[in-house]
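In structure tokens, one chain follows: the form predicted alone.
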């Protein structure tokens, strides 16, 4: 696998056929038409439905390449090395590996981000929100018409301490004017009362997490609602399916807060299926560091993702120093 980092900027050239830009960075070229994305690389061409591709790209860009692997499907994706990022085709797919058609190139994270953000902005048409559930937005298909940068530039909420604490009150979804989602109309919106002893004012806060999530305007987008040391609580609302297969570089904990999600679990290195798991309200699961997973939520649901943000953790799991599971029996 190539580990030399490419620091070159991307190039964008117009395509008169459909009005979209063609984006090139390193050995990769990205082209879209009315229905499909084509990614050309030294060993061939990868093709994807443009709607699926844009929804996955939205998460990759908004999450800053996230923890570890962001697989757009079982062929194409990125791996975050925290400063540099791999773009790969088939590198974690047994079929591509055996055929010798897998390819990977490493880029400076900022250069790749600029390319992907520009692509997402140019390829997202007016009326389509790649962060929204399919029933809540328009079509991604057709020739170039307008844009939706308001959606593309949506910033996920990143509390530095705890939602509602001093310095984070502006992150409250209700303060930002978001309305209760159509599928959470029955969620109570009352907030807890906080009474502190004299001298401790401003040091204790509380908020209604269910009300907070009921106003989330996007899907499959974990915000950070609290941080204690290197431990982050990342709640999110889910509808339809997770647009990526997330490959963990650390153990990741899921707490199902409402309704249910079915998880498709595969081997991270080969994409071979490993399990199907349905989590219902109250269920807790630890996703191992050697798998990829994609969720399917038939009704908008609430999920709490618990992340360990300890620096260097990915290297300890990657080297085998730490077992890929949370516990061994």
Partner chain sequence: MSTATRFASTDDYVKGGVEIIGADSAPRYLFSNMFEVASKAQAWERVVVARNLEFTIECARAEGESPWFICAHDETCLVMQGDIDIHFIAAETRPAADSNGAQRVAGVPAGANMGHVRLARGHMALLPANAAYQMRARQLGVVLLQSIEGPLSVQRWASICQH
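Since this is a predicted model, take the numbers as computed values, not measurements. Numbering follows the first chain given and starts at 1.
Beyond what is shown, the protein has a form predicted together with its partner chain; the following relates to that form.
- Which of 101, 221, 226, 147 has a heavy atom within 4.5 Å of its partner chain in the predicted bound form? If I apply the 4.5 Å criterion carefully, the residue I get is 226.
(message) Counting any non-hydrogen atom inside 4.5 Å, which residue from 253, 154, 113, 178 sits next to its partner chain in the predicted bound form?
(response) None of the others qualify; the residue that does is 253.
Q. Does any heavy atom of residue 3 come within 4.5 Å of a heavy atom of its partner chain in the predicted bound form?
A. Although its partner chain is absent here, residue 3 would stay clear of it in the predicted bound form, with no heavy atoms inside 4.5 Å.
* To do: Report whether the minimum heavy atom distance between residue 33 and its partner chain in the predicted bound form is within 4.5 Å.
  => No.
Handout entry: Any non-hydrogen atom of residue 13 within 4.5 angstroms of its partner chain in the predicted bound form
Key = It does not: once its partner chain is placed as it appears in the predicted bound form, residue 13 has no heavy atom within 4.5 Å of it.
Exercise for review: Tell me, yes or no, whether residue 265 is in contact with its partner chain in the predicted bound form, where a contact means a heavy atom of each within 4.5 Å.
Suggested key: Residue 265: contacts its partner chain in the predicted bound form.
Next on the checklist: At 4.5 Å by heavy atoms, is each residue in 17, 75 and 118 next to its partner chain in the predicted bound form?
Outcome noted: Not a single residue of the candidate spot has a heavy atom within 4.5 Å of its partner chain in the predicted bound form.
Can you pick the stretch from 22-30, 42-50, 60-68, 289-297 whose heavy atoms fall within 4.5 Å of its partner chain in the predicted bound form? Checking each option against the 4.5 Å cut-off leaves 289-297.
- Query: Is any part of 186-219 within 4.5 angstroms of its partner chain in the predicted bound form by a non-hydrogen atom, and which residues would that be?
  - Reply: Contacting residues: 186, 187, 190, 191, 192, 193, 194, 195, 196, 197, 200, 203, 204, 205, 206, 207, 208, 209, 210.
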